[in-house]
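In structure tokens, the next block holds one chain alone, the form predicted alone.
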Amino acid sequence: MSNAMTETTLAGAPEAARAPLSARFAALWAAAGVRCAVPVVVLLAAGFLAPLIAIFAYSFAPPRSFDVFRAFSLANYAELFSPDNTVWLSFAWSIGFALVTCALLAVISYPIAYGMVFLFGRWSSLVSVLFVFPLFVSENVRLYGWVLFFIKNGVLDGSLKWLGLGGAPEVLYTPGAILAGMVYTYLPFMLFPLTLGLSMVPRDLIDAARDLGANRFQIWREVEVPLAMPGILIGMLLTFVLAIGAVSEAKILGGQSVIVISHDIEIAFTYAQNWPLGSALAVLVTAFIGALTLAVFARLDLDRLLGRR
């Protein structure tokens, strides 16, 4: 019986391969999953793939021109990799800010996420709302609120002078102010993936480790962190990707005292009107982030993260 079924399957396979392309396309279109995926594919093609193709094409256009798809030049990449170009300093600033932001947010968010999962109980929803609520206000509005608070003769400085304490120190327009603004802005993007990761840690395993004599640090190192690692990696990746493209914090809180890579891209597309160079910069940043994303997702078990096993 098994041999007969195998022969029938092997005999039908060449016939399916010889079927007309239109028939195979019709059979594929008949699948409900394919039809449901069409809107998503169209949206991704129009909103994601098409702009990427346009940016990639512009990066090979002659400098300070709009001859996209009509001319080919490597002058933009040659300028980027020139030893005299300072764009790598901006890139280093962006990477540095993003790395430090991720590190600080991991330290800040972990205790909050732990409390939301294991300690706060019914108050966890309220804590989540408190962290989500600022996202309903424009980022620029929130950052300008920081400026009004910390600026000379602003809220903090004026209040301290009124109390006779001599005024507040100068904190605006420094790298520290930029970093503080980034930590404040991207806190929810680290917190909620961390909360998701910690919620995947079975409480029974923690209790079992405690019963076997493990101390709190050993439980954290051997049980909590390994099992919560998918959420930790997603939170750090999401925060890093957003932070490396941050520009508002550097412009509003830093006063352009530090030029980040996203600001260089904006200048190339606006004031300099050098779209090919801006596109080459964007391709460089996209390639770096894409390689980092692939490296992180190669270490993630998405089936486990989504609860499929």
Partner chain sequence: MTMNRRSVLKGMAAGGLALAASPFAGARSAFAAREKDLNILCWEGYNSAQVLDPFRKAHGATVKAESLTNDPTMINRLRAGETNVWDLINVNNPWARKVMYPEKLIRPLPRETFEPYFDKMLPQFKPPYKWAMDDSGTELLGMCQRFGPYSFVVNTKKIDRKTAEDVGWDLFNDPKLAGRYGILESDDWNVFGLFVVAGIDPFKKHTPDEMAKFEETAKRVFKGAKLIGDIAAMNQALISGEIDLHLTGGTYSVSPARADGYPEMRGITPLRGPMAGGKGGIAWIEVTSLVNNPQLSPLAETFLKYVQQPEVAHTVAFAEGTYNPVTQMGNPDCFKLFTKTELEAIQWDSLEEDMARCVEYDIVPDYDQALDIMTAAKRVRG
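Numbering follows the first chain given and starts at 1. Keep in mind the model is a prediction, meaning the values are calculated, not measured.
FYI, the form predicted together with the partner chain isn't displayed, but the following is about it.
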Heavy atom distance at most 4.5 Å to the partner chain in the model of the complex, all of Q218, T286 and T293: no
In the model of the complex, D204 touching the partner chain (heavy atom, 4.5 Å): no
The partner chain contact in the model of the complex: L44, any heavy atom under 4.5 Å: no
Non-hydrogen atom contact F48 with the partner chain in the model of the complex at 4.5 angstroms: no
is_contact(W93, the partner chain) in the model of the complex, heavy atom dist at most 4.5 Å: yes
Position in contact with the partner chain when the complex is considered in the model of the complex, options F131, F118, Y184, Y144, heavy atoms within 4.5 Å: Y144
Residue among S159, T86, S125, S138 with a heavy atom within 4.5 Å of the partner chain in the model of the complex: T86
Among 205-213, 167-175, 98-106, 225-233, the region lying within 4.5 Å of the partner chain in the model of the complex by heavy atom distance: 167-175
Stretch 249-264 - residues with a heavy atom within 4.5 Å of the partner chain in the model of the complex: K251, G255, Q256, S257, V258, I259, H263, D264
